[in-house]
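Single chain ahead, by itself, as structure tokens, in the form predicted alone.
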């Protein structure tokens, strides 16, 4: 039962600049200096902007641990899904076959992308509760010699699960196949060191753990894979090799770049470095998660996942079973208190998500829990416990 005296009945402090905090997997809350960086106009062909692009590519490569200069970074206009499609369309030969590892919406979207590309694929679908494991991948590769590539989702944000990419990479490499990683919501906060995890290419986005704003993503790939990708792409605008070759020749993007977004991203990269890089950023997000999850559990909420698989990026909670609980109303009440949460994206149970990333710390997360307590009280919900059937389903599927 929720105790009405657990939190003092006082108005919550308003977020900076009067904006709500975005408790989502991106777009997310950014620093004021990142916003300020977008106030100047840049010429896409100008030497200053070309220098900004080069600096950005160099800084991103620095986050991978690539000291041998075996990789290169290719920014690509568009959202994260644009970059995933660009990666698959450029690095998988037309006669190749991809093993898609899915345990949520983004793995399934990769499979859908393969359908649109008209290229062969097979699917391991683990549902919402569990990650694909190395032994399963090894068995699938052993059973199907036609598979040339594997795509794995680093953090599946539909559930919040952090997948064991290192274990998967080891299995893929041992079978002589190539791993592609969708690290959209993890890169910059969860290590993806090329010296420890073998992959051929990965993708991420400006508006995730680096804490920039939406407008482009980036592909980091082995130069050997970039060279081999010439002529493979199904798309003019999503051709990673063509973008790479043009950038290396001219310093420019092939087509109009999101200049203001690049300027903001460079400021975000400088802040990322000042915080301690991947380790520092990941530590803050982990504290955010731990404080928020502990507080929500105190209110009676249950996480979809066990602690072993909880990512520091976003956490999924079951909706309370109480008859007075309605997510839309809960969402509005949380927004009124300065916090925009995320609806669930599961098929089996009703749920919602709270992100841990963005320009906020554990003190903000305590206010999130406080806002949730007030919101439940306003709805007349005296317990946040989920339906017994949801817990039974979790126990059955996670067994």
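Only a predicted model underlies this, so the values are computations on that prediction, with no experimental measurement involved. Numbering follows the first chain given and starts at 1.
What comes next is about the form predicted in complex with a small molecule, which is not displayed.
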query: Heavy atom contact within 4.5 Å of the small molecule in the model of the complex, the stretch among 166-174, 245-253, 92-100, 78-86; finding: 78-86
query: Proximity of residue 182 to the small molecule in the model of the complex, heavy atoms at 4.5 Å; finding: yes
query: Residue 316, heavy atom within 4.5 angstroms of the small molecule in the model of the complex; finding: no
query: Partner proximity in the model of the complex: residue 155 to the small molecule, non-hydrogen atom cutoff 4.5 Å; finding: yes
query: 4.5 Å heavy atom contact, residue 149 and the small molecule in the model of the complex; finding: no
query: Contact residue in the model of the complex, from 71, 106, 218, 301 (heavy atom within 4.5 Å of the small molecule); finding: 106
